[in-house]
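Only one chain is shown below, in structure tokens, and it's the form predicted alone.
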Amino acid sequence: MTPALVPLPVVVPLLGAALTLILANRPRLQRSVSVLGLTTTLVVAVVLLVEAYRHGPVVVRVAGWPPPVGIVLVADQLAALMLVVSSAVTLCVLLYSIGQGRGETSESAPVSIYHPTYLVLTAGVTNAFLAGDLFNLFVGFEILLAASFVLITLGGTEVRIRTGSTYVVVSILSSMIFLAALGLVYAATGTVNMAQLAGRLDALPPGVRLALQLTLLLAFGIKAAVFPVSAWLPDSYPTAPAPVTAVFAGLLTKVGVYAIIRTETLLFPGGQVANLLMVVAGLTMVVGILGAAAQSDMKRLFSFTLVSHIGYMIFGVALSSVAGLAGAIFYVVHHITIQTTLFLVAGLVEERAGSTDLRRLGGLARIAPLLAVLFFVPAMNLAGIPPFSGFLGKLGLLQAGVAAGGTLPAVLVGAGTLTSLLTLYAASRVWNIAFWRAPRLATSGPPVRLPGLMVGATAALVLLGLVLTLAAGPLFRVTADAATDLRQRTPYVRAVLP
């Protein structure tokens, strides 16, 4: 019965998208279908995670065709864990957007567009996590990107069209590189099935293998917003509606990180480009957080912290050790939750004060104390203050770096520590200006009652971040098991090609 559940995280959102499009003139039913579909996806993801943890990867061969001819969906511990976190986040963001009225019939977000597109985006994300071959991974990327093109330009304002155009161009460029890499991989090996590639790529000449690895890394690096191909993100994300920005920040870049983790462990083990990845990780951390420290708008500041903390994940991958990979996976889970929460809080600030410009904000801690708490907890979590999950994830990565030894890991440990301190500075700056100082123009007007569903969805993600802290021990065991399987490769390959 369990293998039959594997396609559901893809199929259910797609069916929901079709149904919500049919129900374009029935907004209440449309909202109910969307919430029910994502709740079902979350439940299925939890079942798959339990099954993968207990019994190993769960594999389904679509239409019964065996690999490499047929499409294979694989739910190992890494994929299932990503499914659980992404499903929880997309459900909370959907509830937030319903509370904001983003799903209502309006000029800024027509009901016939928002819900179907959001569900298609979810299906693309889940398909990318479950893909057992590179071409299906490419399809997953294209599904989520096509939906994101619509969501990022909702409302059709001049600034959204302009920044959305940049996002579209960069996304198409990365997809073209990925597609070219697919063709090269197939020409060199005769397959795109990742389980088969795990064996065939090892037989290629070292130069050819390295060229394929670097091409895939470039494609995924653009999608993950890794320095120096990250400049597009801070200009693209902040202009979109708050729930759209939140789900983009939480998930879309992490799909790129997931692809890097999967390919670097399954297809290209051995750390041939470890030094390159470490340099890129260090520059991503430092350049990103320096950009954040210079911002005067909350959304842009959070966009730069998003770029910066991608560097921690790449650092874990570059270490090529079980401890490094376990820390990277733990940090992906943490960052999906916390970064999404902070963008939702920014949306609440904009709802309350009409702006996220720090120069126009002040006194929010006195005017809206609950909003202050909803910001303070995830901000300190992101900065890595003990005992939050951000601290535990960074600690795991830094310990793995120290254990690896060598000059570059030591430099990365220093860069990671500096980035954490500068993140604390950036978060404290937002707190002191927007929440602590005397009210300014944007916050001195009459009280604005925040919609309960928006506050509730944000609070749920804040609580999820706290749950990650309380359950850090079991979660680290899951990520360590997932990292061990990734390093061994055998469990994945045997599950797909018994």
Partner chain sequence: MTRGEAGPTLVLVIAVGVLVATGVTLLLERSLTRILLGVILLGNGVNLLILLGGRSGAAPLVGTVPASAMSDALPQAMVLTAVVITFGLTAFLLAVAYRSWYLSGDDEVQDDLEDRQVVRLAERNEVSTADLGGEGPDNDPEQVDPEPALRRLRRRGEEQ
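Positions refer to the first chain, counted from 1. As the structure is a prediction and not an experimental result, all values here were calculated from the model.
Missing here is the form predicted together with the partner chain; even so, the following discussion is about that form.
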Exercise for review: Would you kindly say which of Ser165, Gln272, Gln399, Thr417 lies with a heavy atom within 4.5 Å of the partner chain in the model of the complex?
Suggested key: Ser165
**Study point:** The single option of Leu450, Val47, Leu464, Ile433 touching the partner chain in the model of the complex, heavy atom within 4.5 Å
**Key:** Ile433
Review point. Would Asp202 show up as a contact with the partner chain in the model of the complex if we use heavy atoms at 4.5 Å?
Key: no
Check your understanding: Would Leu421 sit within 4.5 Å of the partner chain in the model of the complex, counting heavy atoms only?
Key -> no
Check your understanding: Heavy atom to heavy atom, is Gly183 within 4.5 Å of the partner chain in the model of the complex?
Key -> yes
Review point. Should Glu142 be classed as touching the partner chain in the model of the complex when contacts are defined as heavy atoms within 4.5 Å?
Key: yes
Study note, to complete from the structure: Assert contact_stretch over 272-280, 313-321, 290-298, 217-225 against the partner chain in the model of the complex, heavy atom within 4.5 Å, equals 290-298
Review point. In the model of the complex, does each residue in the set Tyr53, Val455 and Arg477 place a non-hydrogen atom within 4.5 angstroms of the partner chain?
Key: no
Check your understanding: Though the partner is not shown here, which residues of 234-250 have a heavy atom within 4.5 Å of the partner chain in the model of the complex?
Key -> Asp235
